[in-house]
Every structure is written in C-alpha cells, then in structure tokens.
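The chain that follows stands alone, in the form predicted on its own, written as structure tokens.
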C-alpha cells in the first residue's frame, strides 16, 4: 500500500512528474496521466472516495476558472487556428481552447498528485525520513514537528478565549479599529502561552539528551526498499510512456512546440 512507502522517496516521485507536466501543453498527456493517478490512488491506498471527492471537487471549479482566463488571455504564439467565437473584444480560437483545456487538466494533475501524497503520508514519518534520508538537521525537523503539534492546541485556546470574552460581555468587534483591538486581545495571550510551551518543550528535550547532532540513533528507522523503487519506476515510467504515446499520435506539445 502507498501508506507504507518511504515518505521522502514518495515526495520525490510525486515531484518529478509534477514538474515535467508543467512543460506539457497538449491535452492527451495530462488527461491520461490524471486518469492513471486517480486509479493508483483508489486501487493502492486506503483513501476514502468521499473524502477525496470533497477535497478534489473545489479544485475542479478552480481549474475551470484557470482555463477560462487562459482561453481569453492566450498569447499570440499559442492562439493559432480558426476563430470559434468572440466574447467582447476577445477572439477565441482553437489554439486558445486547446491551451486552456491543457492548463485545466495540468492543474487537476497537480491536485491529484498532491492529494496522493498528503492523504497517504504521516507527518511524523515524513520528518523522520527527511532526517534520515536527506540528512536535514534534527533541530529543524523536530522544531517543525513541535510547531505542527501545537496547532490544535492554539485552536482550542482561541476558542476558550472567545468564550471567556463572551462571558464577560465582550461582543464581536465591528469596524477596522475594533478588529485591530480584538486581534490584540487574542494575540497577546496566545503568544504568551506559545512562549511558555516552547520553553517547556525545549527543557524537556534537553533533559532527554537532545543536542541536535545529525549523528544519532533512531527508534523508528526509515529505509528505502524495493516497494519504494517500484512505486517510483511505475509513476515516472508511466508518465514517459504516455508522453511516447502522445508523440506517436501527434498530440505532444512541449511548451508550445508541436511534435
């Protein structure tokens, strides 16, 4: 399953086709790769389809918006072909429509790849993998982990502050000046609590012998195995296979150059 793969290699696997897709301006390549990514997501992971659709659907509307703006404001080098129709002073050609659809599909590919990584990756394992595989300083990774763990606490404290203010008769602020005052009322106590918690975490880590040295042992060793390389080869290999098919059928367009 994808959840069991090494997070660092998984991130690199998602990054490679994501960057290469930015160079593809045809419809065939991003469309078929999008279908492939969606199939991999549901066949080889435990992601709920309902959850995935709830996150993915708003980006479909965003991709349509990108495509619409791209169709109207396409550069002359990409806006070749016959004029299909006109909107105000804009002439929509076959070339601009193709580029717009390609942009929308590429955007959805980026979203599908991102969801494949985010929904199948544990944040703690990802940080541990960055330390062990990429040799990132433990001071940075553990600091990011600590900050990430504090986020739910800050949210709870903000709710407590709001309820305390309501009990004391402090209503919701109105106007710009009132909102600035309200921001100060919330930010100062939250900042003070954050400083106290940061000091407690630092003292606790020092008492446990944490020095920030890279040469250290790990209770949870993260390794790169055969399954990780199979996943990398499949995702990247399928991308190049689709590119070859696109070239064979005469659809391949790399940064405006038809092949």
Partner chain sequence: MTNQWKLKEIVLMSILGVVFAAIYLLFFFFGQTLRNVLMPFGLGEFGYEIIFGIWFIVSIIAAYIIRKPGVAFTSEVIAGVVQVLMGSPAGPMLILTAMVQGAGAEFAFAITKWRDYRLRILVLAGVFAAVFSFAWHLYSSGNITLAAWLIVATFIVRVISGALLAGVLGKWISDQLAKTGVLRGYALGKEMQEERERDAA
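Model, not experiment: these values are computed from the prediction. Residue numbers count along the first chain shown, from 1. Whichever C-alpha set is largest while still superposing within 1.5 Å between the two forms counts as the rigid core.
Keep in mind that the form predicted together with the partner chain is missing from the display, and what follows is about it.
* **the partner chain contact in the model of the complex: residue 20, any heavy atom under 4.5 Å** => Answer yes; at least one heavy atom of residue 20 falls within 4.5 Å of the partner chain in the model of the complex.
* Is the gap between residue 259 and the partner chain in the model of the complex 4.5 Å or less for some heavy atom pair? -> No, residue 259 stays farther than 4.5 Å from the partner chain in the model of the complex.
* **Interface membership of residue 139, the partner chain in the model of the complex, 4.5 Å heavy atom rule** => Heavy-atom contact with the partner chain at 4.5 Å: present for residue 139.
* is_contact(residue 196, the partner chain) in the model of the complex, heavy atom dist at most 4.5 Å -> Residue 196: yes, in contact with the partner chain in the model of the complex.
* Taking the partner as it appears in the model of the complex, which of 39-47, 26-34, 225-233, 54-62 has residues with heavy atoms within 4.5 Å of the partner chain? -> Going by heavy atoms within 4.5 Å, the stretch is 54-62.
* Cα of residue 101 displaced 2 Å or more between this form and the one not shown, core superposed? -> No, shifts by less than 2 Å.
* Asked: Can we say the CA of residue 159 moves by at least 2 Å between this form and the one not shown when the core is superposed?
  -> Yes, shifts by 2 Å or more.
* Fitting the rigid core first, would the Cα of residue 181 be found 2 Å or more away between this form and the one not shown? -> Superposed on the core, residue 181 moves its C-alpha 2 Å or more between this form and the one not shown.
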